[in-house]
Ligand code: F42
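Just one chain is shown here, as structure tokens, and it is the form predicted on its own.
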Amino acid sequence: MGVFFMFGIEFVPDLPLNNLVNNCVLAENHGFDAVWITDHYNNRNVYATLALVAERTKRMRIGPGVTNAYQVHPALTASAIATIDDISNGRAMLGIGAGDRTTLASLGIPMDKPVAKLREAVEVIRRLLAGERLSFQGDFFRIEGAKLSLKCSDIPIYIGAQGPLMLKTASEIGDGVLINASHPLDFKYAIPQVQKGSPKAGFDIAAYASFSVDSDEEKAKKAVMPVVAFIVAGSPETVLERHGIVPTEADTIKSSLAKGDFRTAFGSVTDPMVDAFSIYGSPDHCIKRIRELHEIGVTQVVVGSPIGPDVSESIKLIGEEVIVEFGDLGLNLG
């Protein structure tokens, strides 16, 4: 997959699927290249959702953003994404990461050796997708003679990564990396870590960004503030320091969210926090930030939650006023 510059979009399957699929079709019609569906047990199943998206779209790449190697055996993940590739006529991509520690804990699953486990899982998935009858004896997975009935070895695998070791690993085992970040400072840190591995030609560096666009900049900011509050609460101190955010400010948001006091949590989000952890504002403002990311080395921007105060209208606005500005860089998937 030759990458120049792509626009992806993320949807959470926590709303009626007909609405979600309609928004995916709208995104495709407005120039988006890829759609990522989040994978959490408490929402609608990611692969059932992707199957519906595959049937209603024609051009966009589609995949989970991201699954993990703890909740589902990699052989089942390989089977699921191969099925999506079959339904979509070769448009599947697989996003996989270590998993969310809090979510795994709620299921009683310990997060042990995430980098090593992910590395094994990706090897198993690749070899099964390539059509191999696999016997594999690893530290985490043991397989005796497993084989898929589908062969689709060209499914790109993206690694969800944040820390330095996972970023380096992503470029060693993946075709791309999904980095939950929106600000150039985070990519000035992350991209050199990725390059310490061995990224292949066309390796895709994706900014999986909280995004909110509207012609009214204040409306865009108001829509993104709840998402930013959760990002701030979950950010390690090193990331907060990178953006000059005082830890006590983050602690106020974290404790308020823990108590369910959303008014205080969202009201404690400052303008520097919004700037650090989202791409927001008017189309011109968003274009400026995206250009900064591209100049650093980002090759895909994933438009993540909330997208904007009105999701459908924001998708149209991005297509008509943002994506067109990058037409000379775009990846033609048609």
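Fair warning: this is a prediction, and the values are worked out from it, not measured in the lab. In case it trips you up, residue 1 is the first one in the sequence shown, and so on.
We do not show the form predicted together with this ligand, though everything after this point is about it.
Of the candidate stretches 221 to 229, 241 to 249, 107 to 115, 75 to 83, only 107 to 115 has residues with heavy atoms within 4.5 Å of this ligand in the model of the complex.
Heavy atoms of I179 reach within 4.5 Å of this ligand in the model of the complex, making it an interface residue. With a 4.5 Å cutoff on heavy atoms, L150 does not count as touching this ligand in the model of the complex; it lies far away. Of the heavy atoms in G163, some are within 4.5 Å of this ligand in the model of the complex. The closest heavy atom approach of G99 to this ligand in the model of the complex falls within 4.5 Å. None of H285, K58, R291, H40 but one reaches within 4.5 angstroms of this ligand in the model of the complex through a heavy atom, and that residue is H40. Proximity to this ligand in the model of the complex, taken as a non-hydrogen atom within 4.5 angstroms, holds for one residue of V66, V274, V298, A54, which is V66.
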